[in-house]
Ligand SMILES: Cc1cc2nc3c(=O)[nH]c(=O)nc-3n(C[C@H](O)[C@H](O)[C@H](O)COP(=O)(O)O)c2cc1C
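As structure tokens, one chain now follows by itself in the form predicted alone.
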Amino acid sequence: MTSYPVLDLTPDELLTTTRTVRKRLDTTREVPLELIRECLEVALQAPSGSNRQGWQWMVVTEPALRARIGDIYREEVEKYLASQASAAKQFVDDPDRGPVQRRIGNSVAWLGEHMGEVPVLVIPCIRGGVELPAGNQAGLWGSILPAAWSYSLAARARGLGTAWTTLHLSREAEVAELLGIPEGFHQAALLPTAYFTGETFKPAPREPLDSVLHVDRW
């Protein structure tokens, strides 16, 4: 199935170095559609509830459509950055995490300005009916999110960068109308995809496992 070069990464290296890429997305270099298709072929091997495979994949390459989605995304990023939920406003008093959060805020702002320039925008969708269920939605989203992450992993293995974003979803209906997404399909994410600049990625700092681990009882 593979026709494009795959990086020599162990499974653990792939899993721990697939980072959110924003400023390092190369907006000047075209990404072949066949390469995106290859990544999606990998994604289709992910599990889905009752093996329904109810997913659909929007791949947006047309410049005018990317620009319009970029406009929507930029407006929502501006709202996000002004809100208390902004990454830059988290852990401001923590000398270790505060600077990291500010860098994330800066990179979010950059992507907000440049989303429409990224050569490929991928939107994974899932059939879920016109109205989402009021109760537990884990079964629905669990049938698309693993596949979307598999796409990002496959892209990383082939020298592409992606960013997992959802800020456009407050205007999901507007994006659906723009792209002709039928009623009853719900967007799970927006994954800008491009070759990345620089050399490689390393694992990110995380809180110690024991601070979040519970065995048998909370």
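All residue numbers are counted from 1 along the displayed sequence. Worth saying up front: this structure is predicted, and the values here are computed from it rather than measured.
One more form of this protein exists, namely the form predicted in complex with this ligand; it is left out here, but the text below deals with it.
Heavy atoms of every residue among T20, V108 and W164 are located within 4.5 Å of this ligand in the predicted bound form. Taking the partner from the other structure, this ligand in the predicted bound form has no heavy atom within 4.5 Å of any heavy atom of L140. In the predicted bound form, no heavy atom of L81 sits within 4.5 Å of this ligand. Taking the partner from the other structure, this ligand in the predicted bound form has no heavy atom within 4.5 Å of any heavy atom of A88.
In summary, the region of this chain contacting this ligand in the predicted bound form, judged by heavy atoms within 4.5 Å and restricted to 58-66, 23-31, 165-173, 150-158, corresponds to 165-173. Interface residues of 64-86, taken as those with a heavy atom within 4.5 Å of this ligand in the predicted bound form (partner not displayed), are limited to Y73.
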